[in-house]
Structure formats: C-alpha cells, structure tokens
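Just the one chain here, the form predicted on its own, laid out as structure tokens.
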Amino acid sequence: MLDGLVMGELVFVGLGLHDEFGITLRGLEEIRSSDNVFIELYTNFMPNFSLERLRKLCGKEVLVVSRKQLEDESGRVVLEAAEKGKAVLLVPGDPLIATTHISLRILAEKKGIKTRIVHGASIISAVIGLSGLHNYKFGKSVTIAFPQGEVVSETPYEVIEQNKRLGLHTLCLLDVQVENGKFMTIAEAVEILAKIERKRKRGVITSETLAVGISGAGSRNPIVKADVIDLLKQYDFGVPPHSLIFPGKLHFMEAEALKVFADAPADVVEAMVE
C-alpha cells in the first residue's frame, strides 16, 4: 500500500483443473463470505466446468470477466469492487502459478487493498505427479505455442536440449487459446518440435525420443501414456488440455513408474536409467 490506508480485500481463489468440484472448501468459504465474485475462464480450459453448477454450489452470483477487462483495463471492475468490500477472483488452476494476474495483485496492494491467495491444484504439480517422475529432477518448463503465421518459436526445442544436457526432465505446457477455441494437441506439439529438429539437426527430437503425454489431469480418468514420439503422436489423448514431458536421465524408480503408470516400452526406459 502507498499511504497506509487499508481499503477492502481481494482474494484470488484457485478452481483446480477439470470442473467446479476442484475448488477447495476454503475457497468455497471465501466465496460465500464475499461481497462480489468474479471469474476468468480465458487462461486455461476446464473440460467439464459448469458456471451454473458453480453458482448453485456457492450460492452466489458469479460475474465473468474477460481478458480485456483484466489486462487491457487493468482489472478496474475487480479493483473497484475490492475497494468497497471483499472481492473474490476465481482463476483456473492455482492462482498466479501459470496465469497472468501478478500485475493485478500488485495494483491492488498499491491501492491499499489487502490481497490473499487460496491455492488450487496446479497443472504443473498434477502432471508431474501423474507421470511418476521425481519433481526435483525437472528443469525449466516451457510452453509450446501455436505458430504465428510462418513464425515458429524455437524456445521449446532449446529448453528441452538444455535440460537433456543436464539429465533433467522437461515439462511442456501446450498452447491454449480459450477465446479462439484453439487447444494444441500432443500430435501438433510433436510436429512443431519435429519441424524445428529438421531445421536445427541437433538430434534433440528424433523418432526414437521418449515422451510422456498426459490429458484429463484433475478428472477421474486421466490419460497417461509414454512412448517414442513417432508412436505417441498417433495415440488418442481425448479432450484437451494436453501436456507433454520429455524425460532426462531416469532413477530406477522413475523407470518403473513409467512402465506401470504410462505403459512405457521397457527397453527404452531401462536404457535411460542412470
């Protein structure tokens, strides 16, 4: 805060990953005790989410706010409500982990509005947990983005290469453009990386490279499948969002987990054990 004056309160509440039932009990209590409730649904796609069910669950009116309102207009509608009382902003996943609302929290604090976070399940921890790989052996994560015309970002290729050099795993989040109804599939992501490989020719992504594809994180029946990418891209992962992991060197327990949880080819994973 700038002048020591405390106004209202803004609470960022995570919704989890798949549907409205991913919200925590603490999150529900924050909603029920609030004066105004807002929700953004553009930073990630929740396949089985229902706004109507959420409204019935929490017993409150929930106002949907757009990217324009939160980013271009600096969240004015949310901040004005928080200046007068307690406002809640519902966010897919875990607030401020894989979203873009840090600037909104900073603006709120500068205005003297108290802020808090109620965490929800994050795609980052969920995907890593589903894979059976060890969290501390992951390097830098990266997003594989849709090409902009003929321009393809080569950053994912470079990050995978850097992590592999260190023996680390790479988590690749796949581009989601909810407002445009575009959700990158594992097959599309693999093709983008293969295209970069054809240009770079460094052997980072070959037909025999092992990868783990995951979809349905947060649902009752997530899909987890590991294979060489030439076969993985043919696998049906169902409804997005999809995620992709490129393992580095494996601990023997990680290799066993990939075989049991992801039906990985035994000869491939065993050759990667350090």
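Quick caveat, the model's predicted, so the values are computed rather than measured. Residue numbers run from 1 along the displayed sequence.
This next part talks about the form predicted together with another copy of the chain, which is not shown.
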{"item": "Another copy of the chain: the contacting residue among Cys172, Leu130, Ala81, Val190 in the model of the complex [heavy atom, 4.5 Å]", "value": "Leu130"}
{"item": "In the model of the complex, the residue from Leu168, Ile196, Val178, Ala145 that sits within 4.5 Å of another copy of the chain by heavy atoms", "value": "Leu168"}
{"item": "Contact test, all of Ile23, Ser122 and His134, partner another copy of the chain in the model of the complex, heavy atom 4.5 Å", "value": "yes"}
{"item": "Touches another copy of the chain in the model of the complex: Pro247 (any heavy atom, 4.5 Å)", "value": "no"}
{"item": "Non-hydrogen atom contact Leu96 with another copy of the chain in the model of the complex at 4.5 angstroms", "value": "yes"}
{"item": "Partner proximity in the model of the complex: Val152 to another copy of the chain, non-hydrogen atom cutoff 4.5 Å", "value": "no"}
{"item": "Another copy of the chain contact in the model of the complex: Ser141, any heavy atom under 4.5 Å", "value": "yes"}
{"item": "Stretch in contact in the model of the complex with another copy of the chain, which is absent here, among 60-68, 37-45, 216-224, 231-239 (heavy atoms within 4.5 Å)", "value": "216-224"}
{"item": "Contacts with another copy of the chain in the model of the complex, stretch 240-262 (heavy atom within 4.5 Å)", "value": "Met253, Glu256, Ala257, Val260, Phe261"}
